[in-house]
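Single chain ahead, written as structure tokens, the form predicted on its own.
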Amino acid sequence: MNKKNIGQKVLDQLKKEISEVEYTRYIKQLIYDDEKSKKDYIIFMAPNQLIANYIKTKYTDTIAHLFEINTGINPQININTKKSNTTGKITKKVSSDKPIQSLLNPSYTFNNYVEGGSNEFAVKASKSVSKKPGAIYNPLFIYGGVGLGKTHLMQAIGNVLQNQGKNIIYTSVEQFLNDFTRHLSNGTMDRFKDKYRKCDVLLIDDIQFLSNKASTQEEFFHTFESLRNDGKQIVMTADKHPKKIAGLKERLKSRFEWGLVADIQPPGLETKIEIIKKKCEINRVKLDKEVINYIATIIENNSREIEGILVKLNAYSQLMHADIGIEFAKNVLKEQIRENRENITHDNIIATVARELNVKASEIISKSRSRNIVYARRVAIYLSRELTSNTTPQLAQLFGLKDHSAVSHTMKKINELIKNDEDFRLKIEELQNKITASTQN
């Protein structure tokens, strides 16, 4: 295949797998460097560091896999900028005759991973594994929702161990399946087994996609057994606990729990603020406290949104020659705000407040005077007045209050808190956006 055309062919193939917006905003900006690229070392140029970092985080493993499909070689993918003299992916050279076959993102480290109450256990477990691979928590199974940092933690383990000269394989179940299918059809299963069973550490993403794939499950079972019997470390991620993965053989479920299962919960508001600060630092984007706090309230539970938001704000700022202030941010990010509130109901609000404040929906509309329930009830009343067209008499009836004056009193109290307590204001804004988002999904 013509060397000059392969880079664009891969990007054209990627276009079919992602949304048109993502392709236009990020991937279309890449230029294949055909002069400096080699078969196992691919270089793309991005217009700025923000776009480069976003693509490194989200797409490099997919791009590498598409190159492997086209050329049979799984290369390193480097995303550079015109001002950059370093590559986006660096494999440390070590005195070993074992090939380093990982596609680790070097920006995924423990140092730039924001730890909070929602992920503390998983972080400590991951650090322990990076210090004693194969000897503690083997396998390590990390699960949680999309964009909560599972892959970051797993690759942080890989980066620590790769720098120690370990042979790391990082892959996804989809890539494992494609590899298995290709080698099986080509009669080269020995090469497949050498790749996956002779590494020091196997990192494998999205294990839930093994569901109902009998032959792939069988092969992965033998790979798992071989690695673990040899004292090699296995780390897996999934969107749910292994027991809850339907279509997975029981012997695999049980083995996935042999070591340690650690979950990552959605980050709280404070953790989201720290994540945004860290992303700004990494991407060299300057945002003031008010804008950072605002972004934290409009993103949902997926911290992966942050990179996209920073790219968007930075691009608009450069195009319009404007500083990123709070009004500028609100205008640019109106899609994330989801201001269309036509479908919001009293029940939506009650359900969200109950879930977020850890009380029962029935308690909010009860006569209970328990402090936490009164607090939740007042928040629900305020949000119902702000987000729906219900009048104060209607709200008094819905919440079982004596009359509309009780609603007015609640509104006054909540508004005072919003004015004087920034943390409370941020919590109210976060709840507003979660309620709005829930009616749009």
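Quick caveat: nothing in here was measured; it's all calculated off a predicted structure. Don't overthink the numbering: it's just position in the shown sequence, from 1.
What comes next is about the form predicted together with adenosine-5'-diphosphate, which does not appear here.
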Discussion item. In the predicted complex, does Arg304 come within 4.5 Å of adenosine-5'-diphosphate, counting heavy atoms only?
Written reply: yes
Practice prompt. Answer with yes or no whether Leu161 is in contact with adenosine-5'-diphosphate in the predicted complex, where contact means some heavy atom within 4.5 Å.
Written response: no
Worksheet item: Is Ala214 a contact residue for adenosine-5'-diphosphate in the predicted complex, using a 4.5 Å heavy atom cut-off?
Response: no
Discussion item. With a cut-off of 4.5 Å between heavy atoms, is Ile350 one of the residues that contacts adenosine-5'-diphosphate in the predicted complex?
Written reply: no
Worksheet item: With adenosine-5'-diphosphate left out of view, which of Ile204, Ile298, Cys199, Val114 would have a heavy atom within 4.5 Å of it in the predicted complex?
Response: Val114
Fill in: Candidate from Ala135, Met320, Met189, Val146 lying within 4.5 Å of adenosine-5'-diphosphate in the predicted complex - any heavy atom
Val146
Item to complete: Tell me the stretch among 74 to 82, 271 to 279, 363 to 371, 320 to 328 that has any heavy atom within 4.5 angstroms of adenosine-5'-diphosphate in the predicted complex.
Response: 271 to 279
